[in-house]
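Have a look below at one chain only, the form predicted on its own, in structure tokens format.
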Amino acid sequence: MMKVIIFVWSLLLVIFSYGFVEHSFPLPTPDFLFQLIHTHRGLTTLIYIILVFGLFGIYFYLLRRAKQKRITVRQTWSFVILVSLVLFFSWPAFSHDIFNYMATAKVTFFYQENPYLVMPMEFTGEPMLAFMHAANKFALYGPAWILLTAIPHFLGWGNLILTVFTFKLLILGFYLALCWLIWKMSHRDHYALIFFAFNPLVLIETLVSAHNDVVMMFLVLLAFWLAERRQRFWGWIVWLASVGIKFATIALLPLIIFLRRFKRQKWFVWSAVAMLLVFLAAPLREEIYSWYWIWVVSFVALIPQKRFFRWLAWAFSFSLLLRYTPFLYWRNYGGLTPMVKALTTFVPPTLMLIFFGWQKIRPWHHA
């Protein structure tokens, strides 16, 4: 029964995602979906909220089953594979980053120019300019990521639609690899695996929108895994590759240098704290993006017994997915959208902090 629910809910999300295909993109989509997204904005927002709540319902049900030890290894992995295969066919509805990945790869491997010096908009007649939202930017990611994008770029054979899905396939591969690594590093704990793999934010930002954060996090956890096995040289190489994806994991350098001084769980705790600080510092550069939270969830999945971190991960996962609602309703980034985005981002975590603060104060108050 659970497989049917996961399949149906994932399929509904896939269908919903195709309403966000740009009219300028050469992919025919049903007109009723386009009209739904762009005309009936209140209904669109409501459907999105229902889909998110449904994903959280599935998530917490599976976590409860895992905590009660009423789910097997085979069942857990079958659910992960199922949701991966269905959501792979979704359209990157809530972000245009995948098209930036594609454009940077094309500048590098097709036009053979330096993407840190040449912007996509400089190539007159380039078909991607018709639907790109950041054609006037240089490469935003590190050289390790650009090297990796050679794989989906060449597998796409110059076809835009095929290239979208070869990029999604690359992200899917790293998502599954990260799930496997978290499972192994947690001593094959079903709860830890489900905590990460079925987190609705992880599902939407990775399997739907195809952000590359899972690549960075897989590499940094692999670096730790290698260091644990006394392969420190390769651990350093893999950590550098992680930094070469998106730079954020450079914040873990002090923890990696003094790795041997930490107990395993303490290292994960302080790594989660370090990535949380980087996440909260994001507005200094631009703004907080929901997919950045994957940096923290990846470590919290390895310390789910830490109640505060567990609830913080859930609160931000929920609130960050709500950040999309003001844009879905108003379809612009001005007006009330920034204020509502800020409220939806920080109100649930703030309420969670108040709750935990009250839990700490209450025993003292009744003493």
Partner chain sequence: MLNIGSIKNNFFKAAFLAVVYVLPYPGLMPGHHLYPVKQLFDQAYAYFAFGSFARHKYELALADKKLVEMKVLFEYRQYLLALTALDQSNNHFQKAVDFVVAAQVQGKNIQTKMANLQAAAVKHQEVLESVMGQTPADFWWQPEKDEPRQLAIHQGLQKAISIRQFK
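Positions refer to the first chain, counted from 1. Since we're looking at a predicted model, the values are computed, not measured.
Missing here is the form predicted together with the partner chain; even so, the following discussion is about that form.
The chain is drawn here without the partner chain; in the predicted complex, the stretch among 166 to 174, 269 to 277, 119 to 127, 286 to 294 whose residues come within 4.5 Å of it by any heavy atom is 119 to 127.
Looking at Glu228, you'd find every heavy atom of it more than 4.5 angstroms from the partner chain in the predicted complex. Of the heavy atoms in Gln112, some are within 4.5 Å of the partner chain in the predicted complex.
With a 4.5 Å cutoff on heavy atoms, Phe138 counts as touching the partner chain in the predicted complex.
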